[in-house]
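Take a look at this single chain in C-alpha coordinates; it is the form predicted on its own.
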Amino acid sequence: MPTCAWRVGDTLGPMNRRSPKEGLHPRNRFRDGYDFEALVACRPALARYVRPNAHGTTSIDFADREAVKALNQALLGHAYQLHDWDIQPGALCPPIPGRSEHLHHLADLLASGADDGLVPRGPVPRGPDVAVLDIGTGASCIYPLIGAREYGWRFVGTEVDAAACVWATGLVAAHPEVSGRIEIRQQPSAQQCFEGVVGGGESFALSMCNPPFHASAEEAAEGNRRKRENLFGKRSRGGGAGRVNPGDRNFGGQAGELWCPGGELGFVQRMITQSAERPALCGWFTTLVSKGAHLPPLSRALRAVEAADVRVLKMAHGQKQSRILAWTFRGRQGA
(Lines give C-alpha, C1' and ligand atoms only; values in the text may rest on other atoms or scores of the structure.)
Protein backbone atom coordinates (compact mmCIF):
# COMPACT_ATOMS: atom_id res chain seq x y z
CA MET A 1 0.00 0.00 0.00
CA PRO A 2 1.43 3.46 -0.86
CA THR A 3 2.74 5.70 1.88
CA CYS A 4 0.75 8.93 1.78
CA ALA A 5 2.93 11.54 3.42
CA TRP A 6 3.05 15.30 2.98
CA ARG A 7 6.44 15.25 1.24
CA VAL A 8 8.01 13.89 -1.92
CA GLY A 9 11.56 15.15 -2.04
CA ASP A 10 12.04 17.78 -4.72
CA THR A 11 10.32 15.91 -7.55
CA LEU A 12 7.99 18.77 -8.40
CA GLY A 13 9.86 21.58 -6.68
CA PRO A 14 8.42 25.05 -7.33
CA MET A 15 5.62 23.58 -9.46
CA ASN A 16 3.62 22.79 -6.33
CA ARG A 17 1.72 26.09 -6.20
CA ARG A 18 -1.89 25.49 -5.27
CA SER A 19 -5.02 26.98 -6.72
CA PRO A 20 -7.67 27.20 -3.95
CA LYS A 21 -11.12 25.82 -4.72
CA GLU A 22 -13.38 28.79 -4.11
CA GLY A 23 -16.76 28.22 -2.51
CA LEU A 24 -16.21 24.69 -1.25
CA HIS A 25 -17.68 23.58 2.06
CA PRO A 26 -15.52 24.25 5.16
CA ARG A 27 -15.16 20.51 5.77
CA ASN A 28 -14.20 19.74 2.18
CA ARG A 29 -10.67 18.35 2.24
CA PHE A 30 -9.90 19.90 -1.15
CA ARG A 31 -10.93 23.52 -0.54
CA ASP A 32 -7.29 24.67 -0.28
CA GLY A 33 -6.43 23.17 -3.64
CA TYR A 34 -4.40 20.12 -4.52
CA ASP A 35 -1.02 19.43 -2.93
CA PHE A 36 0.52 17.69 -5.90
CA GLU A 37 3.69 16.72 -4.03
CA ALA A 38 1.60 14.82 -1.50
CA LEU A 39 -0.61 13.36 -4.22
CA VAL A 40 2.34 12.11 -6.26
CA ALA A 41 3.84 10.61 -3.09
CA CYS A 42 0.58 8.71 -2.65
CA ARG A 43 0.12 7.83 -6.34
CA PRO A 44 3.47 7.99 -8.20
CA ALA A 45 1.75 7.28 -11.54
CA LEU A 46 0.21 10.76 -11.33
CA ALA A 47 3.62 12.43 -11.77
CA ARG A 48 3.69 12.02 -15.56
CA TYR A 49 0.55 14.18 -15.89
CA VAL A 50 1.49 17.05 -13.55
CA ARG A 51 2.73 20.30 -15.08
CA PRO A 52 2.49 24.08 -14.65
CA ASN A 53 -0.56 25.67 -16.25
CA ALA A 54 -1.13 29.09 -17.79
CA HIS A 55 -2.08 30.55 -14.40
CA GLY A 56 1.24 29.74 -12.78
CA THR A 57 -0.11 26.93 -10.62
CA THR A 58 0.39 23.19 -10.81
CA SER A 59 -2.31 21.11 -12.46
CA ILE A 60 -3.07 18.38 -14.97
CA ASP A 61 -4.70 18.34 -18.39
CA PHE A 62 -8.36 17.86 -17.42
CA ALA A 63 -9.13 16.94 -21.02
CA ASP A 64 -7.00 13.81 -20.66
CA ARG A 65 -9.10 10.95 -19.32
CA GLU A 66 -6.10 9.04 -17.99
CA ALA A 67 -4.78 12.13 -16.21
CA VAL A 68 -8.14 12.73 -14.56
CA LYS A 69 -8.35 9.11 -13.49
CA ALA A 70 -4.85 9.24 -12.00
CA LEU A 71 -5.72 12.43 -10.13
CA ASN A 72 -8.93 10.90 -8.76
CA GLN A 73 -7.06 7.82 -7.62
CA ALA A 74 -4.48 9.99 -5.87
CA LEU A 75 -7.17 12.14 -4.20
CA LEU A 76 -9.06 9.11 -2.93
CA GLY A 77 -5.89 7.45 -1.71
CA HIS A 78 -4.46 10.49 -0.01
CA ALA A 79 -7.62 11.95 1.54
CA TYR A 80 -9.60 8.78 2.28
CA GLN A 81 -7.09 5.89 2.14
CA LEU A 82 -9.09 4.36 -0.71
CA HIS A 83 -6.08 3.06 -2.63
CA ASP A 84 -7.66 0.50 -4.96
CA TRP A 85 -10.32 2.54 -6.72
CA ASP A 86 -10.54 2.32 -10.50
CA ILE A 87 -13.10 3.26 -13.11
CA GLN A 88 -15.07 0.90 -15.32
CA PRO A 89 -14.07 1.30 -18.99
CA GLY A 90 -16.40 3.78 -20.65
CA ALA A 91 -17.98 4.99 -17.40
CA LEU A 92 -18.05 8.57 -16.16
CA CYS A 93 -15.04 9.71 -14.13
CA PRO A 94 -16.53 11.52 -11.12
CA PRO A 95 -14.89 14.72 -9.80
CA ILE A 96 -13.91 13.83 -6.24
CA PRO A 97 -14.14 17.34 -4.69
CA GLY A 98 -17.66 17.79 -6.07
CA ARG A 99 -18.82 14.39 -4.83
CA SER A 100 -17.39 15.19 -1.39
CA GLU A 101 -19.15 18.57 -1.47
CA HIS A 102 -22.49 16.85 -2.06
CA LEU A 103 -22.00 14.64 1.00
CA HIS A 104 -20.98 17.53 3.26
CA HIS A 105 -24.15 19.43 2.42
CA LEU A 106 -26.23 16.35 3.12
CA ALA A 107 -24.45 15.98 6.47
CA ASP A 108 -25.47 19.55 7.33
CA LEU A 109 -29.04 18.73 6.33
CA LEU A 110 -29.06 15.82 8.80
CA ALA A 111 -27.61 18.07 11.50
CA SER A 112 -30.16 20.84 10.95
CA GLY A 113 -33.34 21.06 12.96
CA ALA A 114 -36.63 20.27 11.30
CA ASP A 115 -37.70 23.90 11.65
CA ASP A 116 -34.38 25.70 11.33
CA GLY A 117 -33.69 26.05 7.62
CA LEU A 118 -30.19 24.95 6.69
CA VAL A 119 -28.37 25.96 9.88
CA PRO A 120 -26.93 22.94 11.74
CA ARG A 121 -28.34 22.82 15.26
CA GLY A 122 -26.13 20.02 16.52
CA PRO A 123 -23.17 17.88 15.58
CA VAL A 124 -23.15 16.13 12.24
CA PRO A 125 -24.38 12.57 12.79
CA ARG A 126 -21.68 10.01 12.21
CA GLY A 127 -21.37 6.25 12.30
CA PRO A 128 -23.20 3.24 10.89
CA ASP A 129 -26.51 4.12 12.55
CA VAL A 130 -26.92 6.67 9.74
CA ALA A 131 -28.25 4.68 6.78
CA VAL A 132 -28.15 6.26 3.32
CA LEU A 133 -29.82 5.04 0.13
CA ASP A 134 -27.80 6.01 -2.97
CA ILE A 135 -30.05 5.75 -6.02
CA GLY A 136 -28.04 5.04 -9.18
CA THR A 137 -24.73 4.58 -7.43
CA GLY A 138 -22.93 3.81 -10.69
CA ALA A 139 -19.87 1.67 -11.29
CA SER A 140 -17.66 4.15 -9.42
CA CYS A 141 -19.61 3.67 -6.16
CA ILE A 142 -18.12 7.03 -5.28
CA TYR A 143 -20.69 8.38 -2.82
CA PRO A 144 -20.78 5.28 -0.62
CA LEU A 145 -17.00 4.95 -0.59
CA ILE A 146 -16.39 8.58 0.38
CA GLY A 147 -19.35 8.76 2.76
CA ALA A 148 -18.33 5.59 4.60
CA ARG A 149 -14.80 6.98 5.08
CA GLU A 150 -15.72 10.61 5.81
CA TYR A 151 -18.67 10.05 8.14
CA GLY A 152 -18.78 6.32 8.82
CA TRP A 153 -22.30 6.12 7.38
CA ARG A 154 -23.85 2.89 6.14
CA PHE A 155 -24.91 2.80 2.49
CA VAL A 156 -27.17 0.83 0.21
CA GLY A 157 -26.26 1.66 -3.38
CA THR A 158 -28.75 0.73 -6.10
CA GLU A 159 -28.01 0.47 -9.81
CA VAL A 160 -29.92 -0.69 -12.90
CA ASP A 161 -26.92 -1.71 -15.00
CA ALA A 162 -25.74 -5.23 -14.14
CA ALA A 163 -22.13 -4.66 -15.21
CA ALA A 164 -21.94 -1.48 -13.12
CA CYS A 165 -23.25 -3.42 -10.13
CA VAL A 166 -20.52 -6.02 -10.54
CA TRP A 167 -17.83 -3.34 -10.84
CA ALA A 168 -19.12 -1.40 -7.81
CA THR A 169 -19.30 -4.60 -5.76
CA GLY A 170 -15.68 -5.30 -6.66
CA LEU A 171 -14.63 -1.83 -5.51
CA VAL A 172 -16.38 -2.35 -2.19
CA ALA A 173 -14.67 -5.73 -1.71
CA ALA A 174 -11.29 -4.14 -2.52
CA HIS A 175 -11.65 -1.82 0.48
CA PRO A 176 -12.26 -3.99 3.56
CA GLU A 177 -12.13 -0.95 5.83
CA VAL A 178 -15.55 0.08 4.48
CA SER A 179 -16.93 -3.09 2.91
CA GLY A 180 -19.02 -3.91 5.97
CA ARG A 181 -20.90 -0.61 5.59
CA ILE A 182 -21.73 -0.72 1.86
CA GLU A 183 -24.14 -2.99 0.04
CA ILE A 184 -24.81 -2.87 -3.72
CA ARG A 185 -28.22 -3.96 -5.02
CA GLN A 186 -29.38 -4.23 -8.61
CA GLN A 187 -32.57 -2.33 -9.43
CA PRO A 188 -34.67 -4.51 -11.78
CA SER A 189 -36.66 -1.61 -13.27
CA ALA A 190 -35.29 1.59 -14.79
CA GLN A 191 -38.63 3.26 -14.00
CA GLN A 192 -38.46 2.62 -10.25
CA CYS A 193 -36.42 4.37 -7.58
CA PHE A 194 -37.40 2.41 -4.47
CA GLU A 195 -39.58 -0.53 -5.45
CA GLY A 196 -37.64 -3.75 -5.92
CA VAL A 197 -34.51 -2.75 -3.99
CA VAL A 198 -35.67 -1.97 -0.44
CA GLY A 199 -37.56 -4.20 1.96
CA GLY A 200 -40.80 -3.36 3.68
CA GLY A 201 -39.17 -2.87 7.08
CA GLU A 202 -36.19 -0.85 5.91
CA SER A 203 -35.75 2.87 6.55
CA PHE A 204 -33.01 5.40 5.85
CA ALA A 205 -31.91 8.71 7.27
CA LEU A 206 -31.85 10.00 3.71
CA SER A 207 -31.77 9.02 0.08
CA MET A 208 -29.51 10.69 -2.45
CA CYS A 209 -29.27 10.70 -6.22
CA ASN A 210 -27.27 12.22 -9.05
CA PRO A 211 -29.79 11.71 -11.88
CA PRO A 212 -29.04 11.50 -15.61
CA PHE A 213 -29.02 14.96 -17.21
CA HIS A 214 -30.28 14.19 -20.70
CA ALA A 215 -33.50 12.84 -22.21
CA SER A 216 -31.96 10.84 -25.08
CA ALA A 217 -28.71 9.44 -26.43
CA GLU A 218 -28.73 12.13 -29.13
CA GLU A 219 -29.05 14.89 -26.54
CA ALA A 220 -26.22 13.38 -24.51
CA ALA A 221 -24.01 13.19 -27.60
CA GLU A 222 -24.75 16.83 -28.37
CA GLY A 223 -23.80 17.77 -24.82
CA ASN A 224 -20.49 15.97 -25.22
CA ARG A 225 -19.92 17.75 -28.55
CA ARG A 226 -20.43 21.15 -26.91
CA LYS A 227 -18.04 20.23 -24.13
CA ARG A 228 -15.42 19.24 -26.69
CA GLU A 229 -15.83 22.49 -28.61
CA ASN A 230 -15.63 24.56 -25.43
CA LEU A 231 -12.47 22.76 -24.43
CA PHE A 232 -10.80 23.16 -27.81
CA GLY A 233 -11.77 26.83 -27.82
CA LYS A 234 -10.13 27.38 -24.45
CA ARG A 235 -7.01 25.61 -25.65
CA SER A 236 -6.73 27.72 -28.77
CA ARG A 237 -7.04 30.92 -26.74
CA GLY A 238 -4.94 29.88 -23.77
CA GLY A 239 -2.04 28.23 -25.54
CA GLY A 240 -2.16 24.92 -23.63
CA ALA A 241 0.90 22.72 -23.73
CA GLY A 242 1.08 20.51 -26.80
CA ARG A 243 -1.45 18.99 -29.13
CA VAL A 244 -4.24 16.85 -27.75
CA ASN A 245 -5.41 13.56 -29.12
CA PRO A 246 -9.22 13.70 -29.36
CA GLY A 247 -9.33 10.00 -28.49
CA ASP A 248 -7.98 10.88 -25.05
CA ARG A 249 -10.76 13.37 -24.26
CA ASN A 250 -12.29 13.11 -20.84
CA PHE A 251 -15.82 12.54 -22.15
CA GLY A 252 -17.21 9.22 -21.00
CA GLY A 253 -20.47 7.92 -19.72
CA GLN A 254 -22.94 5.19 -20.44
CA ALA A 255 -26.68 5.29 -21.09
CA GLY A 256 -27.91 5.14 -17.50
CA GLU A 257 -25.37 7.72 -16.38
CA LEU A 258 -26.05 10.27 -19.11
CA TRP A 259 -29.67 9.97 -20.18
CA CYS A 260 -33.06 8.44 -19.40
CA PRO A 261 -36.60 8.95 -20.75
CA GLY A 262 -37.73 12.41 -19.68
CA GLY A 263 -34.23 13.48 -18.71
CA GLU A 264 -33.47 14.94 -15.30
CA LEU A 265 -36.87 16.57 -14.91
CA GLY A 266 -38.80 13.40 -15.72
CA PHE A 267 -36.57 11.29 -13.48
CA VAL A 268 -36.98 13.55 -10.44
CA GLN A 269 -40.72 13.89 -11.00
CA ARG A 270 -40.99 10.09 -10.92
CA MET A 271 -38.89 10.02 -7.77
CA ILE A 272 -41.18 12.54 -6.07
CA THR A 273 -44.29 10.53 -6.97
CA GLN A 274 -42.72 7.30 -5.75
CA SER A 275 -41.42 8.88 -2.54
CA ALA A 276 -44.99 9.88 -1.65
CA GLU A 277 -45.99 6.22 -1.97
CA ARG A 278 -43.42 5.32 0.72
CA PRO A 279 -43.20 8.52 2.82
CA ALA A 280 -41.66 6.83 5.87
CA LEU A 281 -38.85 5.16 3.88
CA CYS A 282 -36.45 8.11 4.27
CA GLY A 283 -36.19 10.95 6.74
CA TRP A 284 -35.10 13.10 3.80
CA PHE A 285 -35.41 12.38 0.09
CA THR A 286 -32.78 14.30 -1.88
CA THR A 287 -31.47 14.65 -5.41
CA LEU A 288 -29.10 16.86 -7.33
CA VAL A 289 -30.81 19.22 -9.78
CA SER A 290 -28.44 20.47 -12.46
CA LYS A 291 -30.78 23.01 -14.05
CA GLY A 292 -32.30 25.79 -11.96
CA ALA A 293 -35.17 26.01 -14.46
CA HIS A 294 -36.34 22.60 -13.24
CA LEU A 295 -37.02 23.83 -9.71
CA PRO A 296 -40.44 25.47 -10.32
CA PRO A 297 -42.09 22.34 -11.83
CA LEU A 298 -40.45 20.17 -9.18
CA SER A 299 -41.73 22.49 -6.45
CA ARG A 300 -45.22 22.13 -7.89
CA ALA A 301 -44.85 18.35 -7.85
CA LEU A 302 -43.81 18.45 -4.19
CA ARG A 303 -46.80 20.60 -3.28
CA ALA A 304 -49.05 18.13 -5.08
CA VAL A 305 -47.80 15.24 -2.91
CA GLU A 306 -48.01 17.41 0.22
CA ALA A 307 -44.37 17.26 1.27
CA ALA A 308 -44.06 18.61 4.82
CA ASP A 309 -40.78 20.46 4.24
CA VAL A 310 -38.86 21.32 1.06
CA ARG A 311 -35.35 22.78 0.93
CA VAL A 312 -32.91 23.76 -1.78
CA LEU A 313 -29.27 23.39 -0.75
CA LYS A 314 -27.17 25.61 -2.99
CA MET A 315 -23.66 24.58 -3.94
CA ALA A 316 -21.18 26.82 -5.72
CA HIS A 317 -17.49 26.21 -6.30
CA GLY A 318 -15.66 28.30 -8.83
CA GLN A 319 -18.02 29.06 -11.71
CA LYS A 320 -20.03 25.86 -11.26
CA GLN A 321 -23.49 26.28 -9.76
CA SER A 322 -25.56 23.36 -8.57
CA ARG A 323 -28.17 22.55 -6.00
CA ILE A 324 -29.66 19.71 -3.98
CA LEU A 325 -33.43 19.45 -3.73
CA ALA A 326 -34.51 17.90 -0.41
CA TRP A 327 -37.97 17.06 0.89
CA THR A 328 -39.50 15.18 3.77
CA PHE A 329 -42.92 13.90 4.78
CA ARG A 330 -42.10 13.93 8.49
CA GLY A 331 -44.78 15.81 10.34
CA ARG A 332 -47.35 15.20 7.64
CA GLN A 333 -50.41 13.40 8.91
CA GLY A 334 -50.18 9.71 8.08
CA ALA A 335 -46.47 9.83 7.23
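The shown structure was predicted, so the numbers you read here are calculated from the model rather than taken from an experiment. Quick note: we count residues from 1 along the sequence shown, nothing fancier.
The same protein has a further form, the form predicted together with a small molecule, not shown here; the description that follows concerns it.
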Practice task
Could you spot which one of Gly136, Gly77, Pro97, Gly263 gets a heavy atom to within 4.5 Å of the small molecule in the predicted complex?
Solution key: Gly136
Fill in the blank from the handout: The listed residue (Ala190, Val166, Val124, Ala174) that reaches within 4.5 Å of the small molecule in the predicted complex by any heavy atom is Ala190
Problem - 4.5 angstroms heavy atom contact with the small molecule in the predicted complex for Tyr143 - result: yes
Problem - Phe267, heavy atom within 4.5 angstroms of the small molecule in the predicted complex - result: yes
Practice task
May I ask you to check whether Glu101 falls inside a 4.5 Å heavy atom distance of the small molecule in the predicted complex?
Solution key: no
Problem - Contact flag, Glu150 vs the small molecule in the predicted complex, heavy atom cut 4.5 Å - result: no
Exercise for the section: With the small molecule left out here, work out from 67-75, 125-133, 166-174, 89-97 which stretch has heavy atoms within 4.5 Å of it in the predicted complex. Expected result: 89-97
